[in-house]
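Next up: a single chain in structure tokens, the form predicted on its own.
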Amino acid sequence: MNEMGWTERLRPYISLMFAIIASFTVGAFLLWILGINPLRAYQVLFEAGLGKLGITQTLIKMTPLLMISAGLMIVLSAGIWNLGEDGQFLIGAILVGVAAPIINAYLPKIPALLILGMIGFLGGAAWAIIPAVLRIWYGLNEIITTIMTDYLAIYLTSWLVKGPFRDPSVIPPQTPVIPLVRRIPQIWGGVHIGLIIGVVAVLGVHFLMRNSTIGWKILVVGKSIKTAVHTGIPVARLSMMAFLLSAGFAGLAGANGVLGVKGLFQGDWNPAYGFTAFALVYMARFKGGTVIFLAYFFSFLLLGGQMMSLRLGTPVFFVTILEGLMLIFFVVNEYLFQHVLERRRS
């Protein structure tokens, strides 16, 4: 019994380490096929991420991942697959990019930042209303509808920033630049307080889902709608809330990108954090501390992957392949663990 308890307790960490090691092993084989020295490639990856500048850039990249992951922890717990985070991110970002010059002209910095953050949050949430309604009241598959709204947001924001929202004073398609003094305050070296907000959001959601009545109700809805209905839980209302909160956090991440990093919204800008956040939340098993660790690790990989591509000519999508392999190996290992445990119990 004690052995079973230790096995269950260590299982998430074993699965995680197995997934990381196995994906890097397969990745090394793929690099070798491409004629690239895997040891040299991984050396560049770790050197880029572990240097002083690398750590700073990793923390900057980590911030939007934390915000999106906080929302995914809620919506996935409710059994809803919101795959539209990238579109919700872009809608929140462009609304903030357009609204910032207007609001900054009338309000002091802190109230302006709070209002702009709310605009980003509400913009992302509003973009998810139609998929949420179609899923909750009409039973349409949210995977399809949210992916469709992703593409719509990508092309819509690209058109808007190249047309009606374009800053006519510059040649590149973009919104007006937000002055540095009006952006999110920095902690050090480009890392701003958005990082703290992201960490607090993840830990807050973790606490909410495990220590509150509403969190328990969301978990019941995610596990069994029939059980939730029989116990009197308002399934539709909670599902809508979870969906819109998830989209709102994605919109807030978009606001962070404009107010904390770029200072504007550019044409054809799409950092595509959605898949990475989705993978890390599942691999973290919805645990706040592990989500924070993996957000840093995946940001580290994104930065290192860019340097590998610049120095060694590795494919730009190599890190995305690593992320996909990690998720596959994680699922396979979880299945094998479950199979072994069931055999022991029988």
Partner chain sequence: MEVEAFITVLLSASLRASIPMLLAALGEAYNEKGGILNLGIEGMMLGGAFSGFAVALITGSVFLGFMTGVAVGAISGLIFAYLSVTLKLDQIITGIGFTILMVGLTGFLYRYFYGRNFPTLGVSKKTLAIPFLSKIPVIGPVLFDQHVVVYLTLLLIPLLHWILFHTTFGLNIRAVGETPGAADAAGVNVAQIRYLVAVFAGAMAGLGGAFLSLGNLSLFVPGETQGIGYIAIAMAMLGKWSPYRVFIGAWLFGMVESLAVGLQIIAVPVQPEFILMLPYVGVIVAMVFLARNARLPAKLMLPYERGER
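None of these values were measured; they are calculated from a predicted model. Numbering follows the first chain given and starts at 1. Each form is matched to the other, and the largest set of C-alpha atoms that superpose within 1.5 Å is called the rigid core.
Missing here is the form predicted in complex with its partner chain; even so, the following discussion is about that form.
**Q** Exactly one of L31, V44, I60, I292 has a non-hydrogen atom within 4.5 Å of its partner chain in the predicted bound form; which residue is it?
**A** It is L31 that has a heavy atom within 4.5 Å of the partner.
**Q** Find the only residue in L156, V191, M118, V199 having a heavy atom within 4.5 Å of its partner chain in the predicted bound form.
**A** Contact residue from the list: L156.
**Q** Partner absent here, but in the predicted bound form, which of 95-103, 178-186, 128-136, 244-252 has residues with a heavy atom within 4.5 Å of its partner chain?
**A** Among the candidates, contact is made by 128-136.
**Q** For the three residues I110, D167 and P172, verify that every one has a non-hydrogen atom within 4.5 Å of its partner chain in the predicted bound form; reply yes or no.
**A** No, because I110, D167 and P172 lack any heavy atom that approaches its partner chain to within 4.5 Å in the predicted bound form.
**Q** Taking 4.5 angstroms as the cut-off for heavy atoms, does Y335 touch its partner chain in the predicted bound form?
**A** Contact check for Y335: yes, within 4.5 Å of its partner chain in the predicted bound form.
**Q** Applying a 4.5 Å heavy atom distance criterion, does T314 contact its partner chain in the predicted bound form?
**A** So T314 counts as contacting its partner chain.
**Q** Test of understanding: in the predicted bound form, would I321 fall inside 4.5 Å of its partner chain by heavy atoms?
**A** Judged by the heavy-atom cut-off of 4.5 Å, I321 is in contact with its partner chain in the predicted bound form.
**Q** Can you check whether L259 is within 4.5 Å of its partner chain in the predicted bound form, heavy atom basis?
**A** No.
**Q** Given a 4.5 Å distance limit between heavy atoms, list every residue of 51-66 close to its partner chain in the predicted bound form, or none if there are none.
**A** Sequence-ordered list is empty.
**Q** Determine, after fitting the two forms on their core, whether V26 shows a C-alpha shift of 2 Å or more between the shown form and the other one.
**A** No, the C-alpha moves less than 2 Å.
**Q** Given a superposition on the rigid core, I'd like a yes or no on whether G289 shifts its C-alpha by 2 Å or more between the shown form and the other one.
**A** No, G289 moves less than 2 Å.
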